[in-house]
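So this one's two forms of a single chain, laid out as structure tokens and tagged structure 1 and structure 2.
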Structure 1
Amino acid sequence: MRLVLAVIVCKILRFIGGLLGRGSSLPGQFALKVCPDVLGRVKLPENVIAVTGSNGKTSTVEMIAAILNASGKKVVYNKEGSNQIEGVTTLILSNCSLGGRMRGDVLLLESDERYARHTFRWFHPTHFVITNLYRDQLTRNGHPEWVYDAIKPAVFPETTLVLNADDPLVSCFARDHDPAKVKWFGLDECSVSTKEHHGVYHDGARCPVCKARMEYSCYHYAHIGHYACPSCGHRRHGTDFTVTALDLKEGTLTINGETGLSLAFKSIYNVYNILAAWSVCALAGADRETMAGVINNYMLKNGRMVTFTLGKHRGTLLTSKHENSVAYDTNLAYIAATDRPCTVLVIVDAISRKYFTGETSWLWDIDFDRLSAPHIQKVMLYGRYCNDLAVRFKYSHVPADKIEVGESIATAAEYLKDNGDEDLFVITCFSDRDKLLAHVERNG
């Protein structure tokens, strides 16, 4: 009876929340009070796919869902991105019969890296994709190795791990796991690879196993690349799913030397998200033709990248997770690689939607020197923390006469609406995104 009651409570609250435009977590929270072990009582589909990591979860899940739906499978997934146990409970129970049998062929879950061990206490994924681990949200997550320790209890012997071979810390999840139940994805050395590390800090400098100095034959970005520890032998594993050729400028990549794809968003992040989605979908039975058809020129629908018009400016908003310098660096690299005159608007108005912090030391981990490229005509620093940004930029190579500082986002939008026609790039987080988009005409 507790199971039935929990399902009923969840469905009613979900319905009410839908009418009010909210409620992705609250129904699950109440259902768990009614029946704390409800997730252990429901009957789930044969395939349960989970995705976690510091970056790329939502985008990867979105692509997996699109591919598997195109393959004829009914996929149930957390579109709202509510990825802690309460949101997962809402998702599952909302798609269950009163008897606790879940409808659908695949349950696909984006899982918060801190809470995966709680979500998967009652059931275990058949496939677990781990995208990457970076220093991220210091006030929440501390250090990447702390996040690794938080995810580790959610890794079970029967689960097939789908791991980023190019991340030395992620690869540690394969230690003591059945090698037959580990599948690897990664990039061959290609056009984006460098022999030298680029970035303010280097989280791959030391081996995560023995702490000896790590050696790299190439870097793709940050600490992601081809590594080997001469002390303990921890090294990049051979890959099952591989980007064998990549040209970001042209927007093309090749997987396993046989399937060419076109990129709508020419970012190294997008390449890894595509490869992670391709890997797990192939394991779930999707064919190459279907996967390629979906991914070719696939535009994300989750708001990570938004195109818009503001006055005479063609605008692109790139979501750069606050407190995550690697997310910023990859978007800055994307802007620096363009060759058209442009203005860049950086907004830091609220650091988080979920908690309050005025801690801005993470700004010093971002490689803002990338914005010194000649085609970047102006850099506008706006939002509540504009002065923190301004101090950080004083120590960058961006010329002072290119920098404008102000607090009011509305004022920045009004100025841009009335002045100039160059391309416009906006870098901000979900917490601040709509404060700018409220003043523009979105495309599509």
Structure 2
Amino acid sequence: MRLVLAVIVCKILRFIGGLLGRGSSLPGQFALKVCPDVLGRVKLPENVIAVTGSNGKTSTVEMIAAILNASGKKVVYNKEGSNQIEGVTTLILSNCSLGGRMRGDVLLLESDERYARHTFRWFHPTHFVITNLYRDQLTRNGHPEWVYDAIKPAVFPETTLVLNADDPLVSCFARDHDPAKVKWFGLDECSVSTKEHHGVYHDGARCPVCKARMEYSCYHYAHIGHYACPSCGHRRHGTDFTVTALDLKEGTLTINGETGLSLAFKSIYNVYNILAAWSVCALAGADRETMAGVINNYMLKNGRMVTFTLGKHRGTLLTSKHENSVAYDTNLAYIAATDRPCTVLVIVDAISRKYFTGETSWLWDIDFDRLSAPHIQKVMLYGRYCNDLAVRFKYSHVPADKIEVGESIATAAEYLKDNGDEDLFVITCFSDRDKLLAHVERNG
């Protein structure tokens, strides 16, 4: 009876919330009050797929949804990114009959690293995709191993783990799991691989199991690559789903030596997102042709990139999450790979839109040396924390005479409007981007 009541409460609040344009966690929150174990009582679809990791969750989930939909499955997933237990409850109950049976063939969840254990206490995913663990929002997350320890209690014996073999920390999830219930994805050594590690810090320097020095035969990026610990034997596992060839310049890749794909967005991170989606969709029964068809025609909703005009400048805003050096490094690499003369504007004004902090140590994890490329004529450092940025750049290879520092974003916009016609790249976070976009003409 409480189950029925919880479903009704959720549906009514969801309806009212929809009218008011409100967020999606409140209905679930009330439903959980009415029936705390409601998630344990509903009848879920045959496939319950969860995706977690530091970067790429949302993109991976959207690609999985697109592929499985094209395979004729009805997929229910948390589009709104409300990935804590209340949001998941809203999602599930909104799609339930009054009898507590969920509609759809697949429940697909983007799962917050820190909250997965609360959600999965009540039901266990059939497939759990873990993409990567890096330094991300450490003011909330502590550090990657802390996140690993937070996810671990959400891993249950009957769940099939779909793991990134190239990430030494993610690979540890398989250590006490039934090997028959672990599927691996990864990249062969290929055109992007290097013998040397790149980046300001190296979180793969030590074996996550025994802390001996890890040995790598190649790196794909950051600490992702082919590793083996000479001390305890923790090493990259052979893969079930493999990118066997990759040409990032051309934007092509080959999976399992047989399927050629083209990339909508030519980045190594996108390659991993595709591979993760491919792996779990194949396990859920999607066929090769359908998967390839969807990926080849995939229009990446790239909300992170906005083009605009400011004075005579052709501008591109690259949204980077503050407190996430990997996101920054991606965008810096993108700019470094362009070849026309340009100015780069970096803005750090509010560090987070969700919480207050003055923490700027993450600036030291970003590889700003990438901005020393000769075609980058000027680097403008703006926002409340412009001085922190300026100090950081003093320890980069960017020449001092290319750097300009100021607090007011409006002043920077005004200056650019009246001066110069070179390309302009703006790097900032969701929390700060509108402060610049207010001064420009957006394209498209």
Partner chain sequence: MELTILHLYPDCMSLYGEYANVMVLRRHLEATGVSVTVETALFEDTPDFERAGFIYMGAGAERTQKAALAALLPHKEAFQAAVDRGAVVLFTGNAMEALGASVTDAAGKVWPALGLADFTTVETDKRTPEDVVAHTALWESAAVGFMNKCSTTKGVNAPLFDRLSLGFGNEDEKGPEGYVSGNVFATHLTGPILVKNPDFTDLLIRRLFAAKGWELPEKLPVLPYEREAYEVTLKELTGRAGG
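Sequence positions of structure 1, starting at 1, serve as the residue numbers. Take the two forms, superpose them, and find the largest set of C-alpha atoms that agree within 1.5 Å; that set is the rigid core. Note that the structure is predicted; figures quoted are calculated from it, not measured.
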Structure that is the form predicted alone (1 or 2):
1
Could you tell me whether the Cα atom of T194 shifts by at least 2 Å between structures 1 and 2 after core superposition?
no
Fitting the rigid core first, would the Cα of I347 be found 2 Å or more away between structures 1 and 2?
yes
Is_shifted G204 between structures 1 and 2 (CA, 2 Å cut-off, rigid core):
no
Rigid core fit between structures 1 and 2: Cα deviation of P399 in angstrom
3.5
Give the C-alpha shift of G315 between structures 1 and 2, in Å, after superposing the two forms on their rigid core.
5.2
